[in-house]
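One chain follows as structure tokens, the form predicted on its own.
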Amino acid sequence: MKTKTNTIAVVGATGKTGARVINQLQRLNYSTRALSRKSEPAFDWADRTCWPTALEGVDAVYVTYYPDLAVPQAESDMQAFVDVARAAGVKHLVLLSGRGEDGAQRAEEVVKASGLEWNIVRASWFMQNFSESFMLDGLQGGELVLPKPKALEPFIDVDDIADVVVAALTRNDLRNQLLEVTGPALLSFAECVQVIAQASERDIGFQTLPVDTYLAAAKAEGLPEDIAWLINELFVNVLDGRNASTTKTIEDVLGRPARTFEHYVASTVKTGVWSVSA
């Protein structure tokens, strides 16, 4: 099959959604450019001088921001990014955003006002945070300790996010739309840990601490200040109940229901990722 000539770049191509998106696009025979700090050309959010080369010849771009759009620097970076993208000839920008994050919504407004065709994929918390991110060590070690959350969360499977992003990148009928995506059910962190424990046939505990206590201990073990700020923002503000609702966007866009947490766990447990930590 002949490769489609328009090039789609993925900023953050080694991340949870970025890797899945670029793999899907390649299977669909799109011309792609995987961008990360170690790619060639490289893309680094901390070095704006590399952005023009990274985006040269690109028609559309999927953007994931590091560390998170909630951080204060994100709005400025996104304004600079859309300026570079427009100058490079990019026509369409799809941004992964966080649900209920004030900083993320400011970045979204920058994209909407960019003059480019756009999509915002605004997502709830990832299910894969339990298997590919900061919660994994605790689960492997037999007890997950987190700041005390104030509300339930409609966790979403990253594979669903990737499917929606690919649809946004490749379907003209979705252009210039906000696509707010969630999983199908509201769950507590304790419920999620219980499902993982049962599926992995292990005894895994779950403990919550006041956020200040949690962060003091984490910083004593070397947690960087910017990540500590982000965890505080997420657990104090984002998980305050503002996101305790689900959407039907995945079904509307993809014609099928969103994947359940049980489906995610059943698929993931086969990898052995939740086995006892060595």
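From a predicted model like this one, the values you see are computed outputs, not experimental measurements. Start at 1 with the first residue shown and count on from there.
Missing here is the form predicted in complex with a small molecule; even so, the following discussion is about that form.
**Q** If the criterion is a non-hydrogen atom within 4.5 angstroms, does every one of 31, 91 and 169 touch the small molecule in the model of the complex?
**A** Negative, none of the three is within 4.5 Å.
**Q** Under a 4.5 angstroms heavy atom criterion, identify the one residue in 85, 107, 164, 96 near the small molecule in the model of the complex.
**A** Contact check passes for 96.
**Q** Taking heavy atoms and a 4.5 Å cut-off, does residue 43 contact the small molecule in the model of the complex?
**A** Answer yes; at least one heavy atom of residue 43 falls within 4.5 Å of the small molecule in the model of the complex.
**Q** Please check if residue 37 has a heavy atom lying within 4.5 Å of any heavy atom of the small molecule in the model of the complex.
**A** Yes, residue 37 is a contact residue.
**Q** Using a 4.5 angstroms cut-off on non-hydrogen atoms, would residue 65 count as touching the small molecule in the model of the complex?
**A** Although the small molecule is absent here, residue 65 would touch it in the model of the complex, with heavy atoms inside 4.5 Å.
**Q** Given that the partner is absent here, does residue 14 sit within 4.5 Å of the small molecule in the model of the complex, heavy atoms only?
**A** Because a heavy atom of residue 14 falls inside 4.5 Å of the small molecule in the model of the complex, the answer is yes.
**Q** In terms of non-hydrogen atoms within 4.5 angstroms, which of the given stretches 248-256, 217-225, 23-31, 65-73 touches the small molecule in the model of the complex?
**A** Heavy-atom contact with the partner occurs in 65-73.
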